[in-house]
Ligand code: NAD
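This document opens with one chain alone, in structure tokens, the form predicted alone.
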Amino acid sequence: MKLLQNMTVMGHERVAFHQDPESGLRAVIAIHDTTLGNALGGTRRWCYGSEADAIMDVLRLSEGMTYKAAAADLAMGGAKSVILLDTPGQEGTEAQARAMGRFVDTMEGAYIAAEDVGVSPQFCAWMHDETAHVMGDEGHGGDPSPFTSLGCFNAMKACLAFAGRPIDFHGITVGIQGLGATGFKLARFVREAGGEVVATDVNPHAIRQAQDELGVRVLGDDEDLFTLPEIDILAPCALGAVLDAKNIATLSAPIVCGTANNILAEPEADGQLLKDRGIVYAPDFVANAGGVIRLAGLYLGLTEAQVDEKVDRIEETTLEVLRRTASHASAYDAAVAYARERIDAGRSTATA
């Protein structure tokens, strides 16, 4: 893998690697852009197929964080970190969390870590014992997933409006892939608004909880969430790269809007395929920005009311991006252009 070439093409400022023999920690931090401010981004713990997969994941995720913060009008840059696990589901230890905290501290505030897949508020708290540059533990923002889910629900409203449909979830069926922290809460918002939910998850406990508490219909063994004809909105809420040229061609849902990062396997090409098929796509870094707004807002000193206002504004931002899609190759391209306008404006102000 040509790391420096990828960094140059994608515009990354810094990528750092760290291994701690005592705890077994192996980790990477990628800082994409700090034009608008210090870079905030979650720490993901995952078992990757290869080191190259981990590096590409952290590069893509950190780039998305830059656009996410900019599109949400936050005075922050974008970064991400990943912890490479030896086996899937490997338990996070205090020693590894503290080692990760020390690694984060070497960035001297240019990178602010936060919760992500595989990282709990307790893990963040252990990290915080070693560095002040972390959000997501109980004393510093807590679990941001309710805000991520609410922001995505607001983005769904914008998608309905753009599609010329009433902003009313009665009679709407949402297909949710992944009933984890954000997917479950998104299902709750949809159900409370009168909508139906069909869902799938690899975790049997999550499935049972969604059935018992929310009345969610679980996908049958012979059903495919992406081709189910009754679904009005497809909501990928697990890992990324779930939509590609092959399944976009047979996708039945007229709207795609989820909490997952990097939903499109090839954003430029796949975004254009969605547009060509007339499928309304809420770019993920716009739709799922609620959690970042929560943590960044508290880090920047915003009040709870100001944070809530920014999460509410995701609906307006999503609709603005969708309207701009007509003059761009795709909704993804329109969203990137929207974010870059803010980054360029920040760069101009800094050099004036």
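Residue numbers here begin at 1 and follow the sequence given. Since the structure is predicted, the reported quantities are computational estimates derived from the model, not experimental observations.
We do not show the form predicted in complex with the named molecule, though everything after this point is about it.
Using a 4.5 Å heavy atom cutoff, none of H12, S81 and G151 lies near the named molecule in the predicted complex. Across the options 102-110, 151-159, 270-278, 181-189, residues that bring heavy atoms within 4.5 Å of the named molecule in the predicted complex belong to 181-189. Between the named molecule and the residues I167, A75, A249, V202, the one pair within 4.5 Å by heavy atoms in the predicted complex involves V202. Interface residue among T43, N288, T318, S62 relative to the named molecule in the predicted complex, by the heavy atom within 4.5 Å criterion: N288. The named molecule in the predicted complex is not approached by H32, whose heavy atoms all lie more than 4.5 angstroms from it.
Contact check for A265: every heavy atom lies farther than 4.5 Å from the named molecule in the predicted complex.
Though the partner is left out of this view, S145 does reach within 4.5 Å of the named molecule in the predicted complex, counting heavy atoms only. By the criterion of a heavy atom within 4.5 Å, C237 is counted among the residues contacting the named molecule in the predicted complex.
Taking the named molecule as it sits in the predicted complex, the stretch 53-74 comes within 4.5 angstroms of it through a non-hydrogen atom at just one residue, K68.
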